[in-house]
Every structure is written in C-alpha cells, then in structure tokens.
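So this first bit is one chain, no partners, the form predicted alone, shown in structure tokens.
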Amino acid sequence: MKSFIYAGSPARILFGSGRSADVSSAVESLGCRRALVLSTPHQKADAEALSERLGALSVGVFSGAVMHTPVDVTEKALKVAQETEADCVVSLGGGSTTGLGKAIAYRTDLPQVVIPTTYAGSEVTPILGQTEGGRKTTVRNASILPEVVIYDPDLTLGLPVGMSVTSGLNAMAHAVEGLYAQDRNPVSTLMALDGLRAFRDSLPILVKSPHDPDARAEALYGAWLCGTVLGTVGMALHHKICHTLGGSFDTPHAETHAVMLPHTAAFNAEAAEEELTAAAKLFGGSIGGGLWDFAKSIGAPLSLKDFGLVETDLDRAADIAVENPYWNPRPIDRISIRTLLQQAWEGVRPD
C-alpha cells in the first residue's frame, strides 16, 4: 500500500427523490434569511418558482448565469447580491449556475446551497473556472466549496437526452483523470470507479427511457461521486485542453469534455496503464477506444469541428494548451497535443 493523504469534503449532501423540498430548511441551517436564487436565462421560470417556495427567505432571482463563468456576469450578479443584501445564494441548474454561485462565494464568502439539475459534478468541488479576456483560469479555495448540495433525481427527469449524455461524459472525465492523479488515494479511486460504473449502466437506459427514475437516480449518484473526485484530487491534460477550448474558443462545456475524453484517456493509456486497468475493463478493455465506442453508442458528439472549430484553430489551441501545463502522467509537448487535437477535430476513434 502506497502512502497517501485523504481529506474528506465538509459539504453536506442531501440525496433522494423529493429532497428539493428541503431547500428552506437548508438555507435556515446555514443561519441565513436572505437567499438570492441563481439560474441561467433558460431556467428563469424554475428559479422564480423556487424563489416563491422560499417565500420570505428569498430576496429575488438573478437569471444571467452563462457558460464558462465570465467575470463580467459575476460582477453583475454581485451588484444584485449587494443591493438585495443577500446573505447566501441558492444555485439551481447545471455547471453554469453553480459556477456563478461559486464565483460570488469566492469574492464574498457567502454560503451556498446548490440544487443540481445536470450531471456536471462541480457542485462538490472547491474549484472555480472563470473566463476573462478570452482566457479561462482556475482557482481552488475553501470558500468556493458549497456548504449544502441537494440532489433530487426528480429535477433531472426533464433533462434532454443530449444534455444528459454530454453532462454525464463531462462528469466521467473527472473520474478518469482522478484515477491517475498525483495525489490520488484509495477512497478517490473507489469513488471514481463506481462513478464510471454508474454512468456506464445508467446513460444507455436514459437514452432509451429518459424518464426512468432509477436510471436518473443512478446517474445523479454517479455525478456526485465523479464530482467529489474532482474536488479531492488534481486534474491533468484533459481538463487543461477543455479549459483552453472553452475559454479561448467558446466551445460548449459539457460537449467539449465528451469529445475530448476518449482522446485524452488514450493519450495517457500507456503511461498510466496500471491506474486505468480497472476502468478499461468497464469499457471493453481499451480505455480510449472503449470510451469512444461508449460515447458513440449513446449518441454523444464525437468531433470538435461540429462546434464550429476550424482546423486552423488547432494550432493556437495547441499553443495555449502547453502554456503552464497541468501535471500529466505522460510528458506533454506541442507536437503530440496538436496531433491529439487533430484526431478529436476529425472525430476518429483513438487507438
């Protein structure tokens, strides 16, 4: 047994059908009385309904959350929080809304209650990715970790199939990179493998039966596990590339993770063969090819060019990706990253 360090997350997790009804008690458990509800424009109506359920505990809704957490949007939300004298935020939605709540908390230390409606997993991490000036940067701080997360599978029943697939693959990327992280530990490895297993089993069912309650619960369970891995250990090449593409080329967040995962896993397959063996067995024996086959079987996007990225963009993307690189089990150089990006742009099956 190798030596390791394990630090458990202090976040309070409420999981189960109907648990979103506990939002008022969750706010009160934090000693708060003036909650600002956050959402994307698309989920504004749901956020307003949540605000009504909170009653006197709500000071209103900010529905301007968008992908990649632009700093200028955060500043607008901060102004509303200050004007309403909010003493906490309640984030309803996926990674975009969660990111905005975390950005506010990072600047103000306001407590957070998060109610995820996708499988992003970022709600259980002390990590904030935000975009400014065409670059996405990442910061890790204890103040960023939400205090309470309410997982209610009922709220994911209406999640479109395509978003369910890409959101799930996004979460799976956290688990795959967690398996070969420098600071991995036995607990994070167990959570990563069971998270991957949960999505392997649930996503194909959701594609055929989007309202299957058991499959929705299993997928949300997988999201919690994979997200917790992301919040526990460091990430590597996959996340660096996805942050590059999202922050500099505005590619869609979950879809970018979905496309890149088989290629980055294949890139590291030999260097991290021992760490990835159990995960490879979950997907037919080949981690890169197996993940690509799985993604194709559930209708996930397979090519970066489908997002409007042109081939000439890949040179700049490779340049940015090798700047201040994250640690990775396989050494990173521009030529190999450019080749990886080309394969992902073309959508070919990785070896």
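These figures come from a predicted structure and were not determined experimentally. Position 1 is the first residue in the sequence shown; the rest follow in order.
What follows is about the form predicted in complex with a small molecule, which we do not show.
In the predicted complex, the small molecule lies within 4.5 Å of some heavy atom of Lys136. Not displayed here, the small molecule is approached by Gln43 to within 4.5 Å at the level of heavy atoms in the predicted complex.
The closest heavy atom approach of Ala278 to the small molecule in the predicted complex falls outside 4.5 Å. Though the partner is left out of this view, Ser96 does reach within 4.5 Å of the small molecule in the predicted complex, counting heavy atoms only. The three marked residues, His68, Thr156 and Leu159, each reach the small molecule in the predicted complex, with a heavy atom inside 4.5 Å. Stretch-level contact analysis of 73-81, 193-201, 248-256, 262-270 against the small molecule in the predicted complex, using heavy atoms and a 4.5 Å limit, identifies 248-256. Only one of Val207, Met163, Ala217, Val187 lies close to the small molecule in the predicted complex, with a heavy atom inside 4.5 Å, and it is Met163. Residue in contact with the small molecule in the predicted complex (any heavy atom within 4.5 Å), chosen from Ala120, Val176, Leu225, Ile241: Ala120.
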